[in-house]
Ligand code: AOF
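Just the one chain here, the form predicted on its own, laid out as structure tokens.
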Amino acid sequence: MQTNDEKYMKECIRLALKGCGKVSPNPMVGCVVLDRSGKLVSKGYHKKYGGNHAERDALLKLKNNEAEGGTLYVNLEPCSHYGKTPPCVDLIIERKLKRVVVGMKDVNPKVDGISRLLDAGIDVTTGVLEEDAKFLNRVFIKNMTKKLPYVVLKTATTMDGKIATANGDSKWITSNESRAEVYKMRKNFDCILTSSNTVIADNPKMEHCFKCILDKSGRVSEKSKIFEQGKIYVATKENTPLKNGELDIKSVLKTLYKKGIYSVFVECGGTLAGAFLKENLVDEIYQFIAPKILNDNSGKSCFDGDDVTKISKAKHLKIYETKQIGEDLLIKSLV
């Protein structure tokens, strides 16, 4: 049975999602406040980067004594340091909450909110729907612990895993609806990354505010459509170390992170996609599968970057969402 703690934590996560795409590089956070009788009296969430955190958003809607003796729910440990806003723990203590329920501890080493609350005599419960809370802020966790962008790789294939025929024909494998969905997806990421092979073969525009092209030998013409809009970082052998004769992808990701890129949407061919996967640099895969079969083993595969002789060596993914888009199937998986 669902407990009250789980019920209100789910509401925190629902509220937190309202900040998706608006709070980066901060985490998404929602907050629920109950009064001393257990009545829900306020809700809040982190609306934009630099704005009030969820706890402050919720508590400032109340009169000074409404939260006294009550319970505050939040999906992430309250902050205890000064950033763009004052510490949330100070306001929680000031408003005399009796209990605080936390989804997950903050991975930011600057945060020690739970200890501060306990020292102030406030009851603290942690780990309520912890896995859900971690999944919600998986981008933030990767950024904070690895100092790298979160990487999602998108593929669009036939049912037999092909992205093009042997001579490169690929338009269009998936439906208009799937392509429209991809346009929307791009808006949730700081950067689109692709390869010189894809730019030369398809000449895509890839409308986005920031794009990255892996172009070891500088083959891509600046007259390509991809240069028509947005900022572009071109990784070449002149500005990026090589690894086994190719651009060091991890080094590219480190450079993007230093440029303030915290999430990357990769759209590319099988060679680069395979290299990302082989080097364990992919966090998620979005795979669009069209109800088509090429039936030609010489067609281009969506992943082509490794030599594997045993099924036991295959990458094992965790599917967390499936959805029909037009006539196609979208599968989202954690790697």
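Small disclaimer: the values here were computed from a predicted structure and weren't measured. From 1 onward, residues are counted along the sequence shown.
Absent from the display: the form predicted together with the ligand. The rest refers to it.
Asker: Taking 4.5 Å between heavy atoms as the contact cutoff, choose which of V220, V111, L97, V152 touches the ligand in the model of the complex.
Answerer: That would be V111.
Asker: Taking the ligand in the model of the complex as the reference, which of S42, S301, N26, Q287 has a non-hydrogen atom within 4.5 Å?
Answerer: Selected option: N26.
Asker: To test your reading of this chain, name the stretch in 155 to 163, 69 to 77, 212 to 220, 187 to 195 whose heavy atoms come within 4.5 Å of the ligand in the model of the complex.
Answerer: Answer to the contact question: 69 to 77.
Asker: Counting only non-hydrogen atoms and a 4.5 angstroms cut-off, does C88 reach the ligand in the model of the complex?
Answerer: Close contact exists here: in the model of the complex, C88 approaches the ligand to within 4.5 Å, heavy atoms only.
Asker: Heavy atoms within 4.5 Å of the ligand in the model of the complex: does G230 have any?
Answerer: Close contact is absent here: in the model of the complex, G230 is far from the ligand, nothing within 4.5 Å, heavy atoms only.
Asker: Heavy atom to heavy atom, is L148 within 4.5 Å of the ligand in the model of the complex?
Answerer: L148 lies outside the contact set for the ligand.
Asker: Within a 4.5 Å heavy atom cut-off, is K171 in contact with the ligand in the model of the complex?
Answerer: No, K171 stays farther than 4.5 Å from the ligand in the model of the complex.
Asker: Counting only non-hydrogen atoms and a 4.5 Å cut-off, give the residues of 132 to 153 close to the ligand in the model of the complex.
Answerer: Contacting residues: F140, M144.
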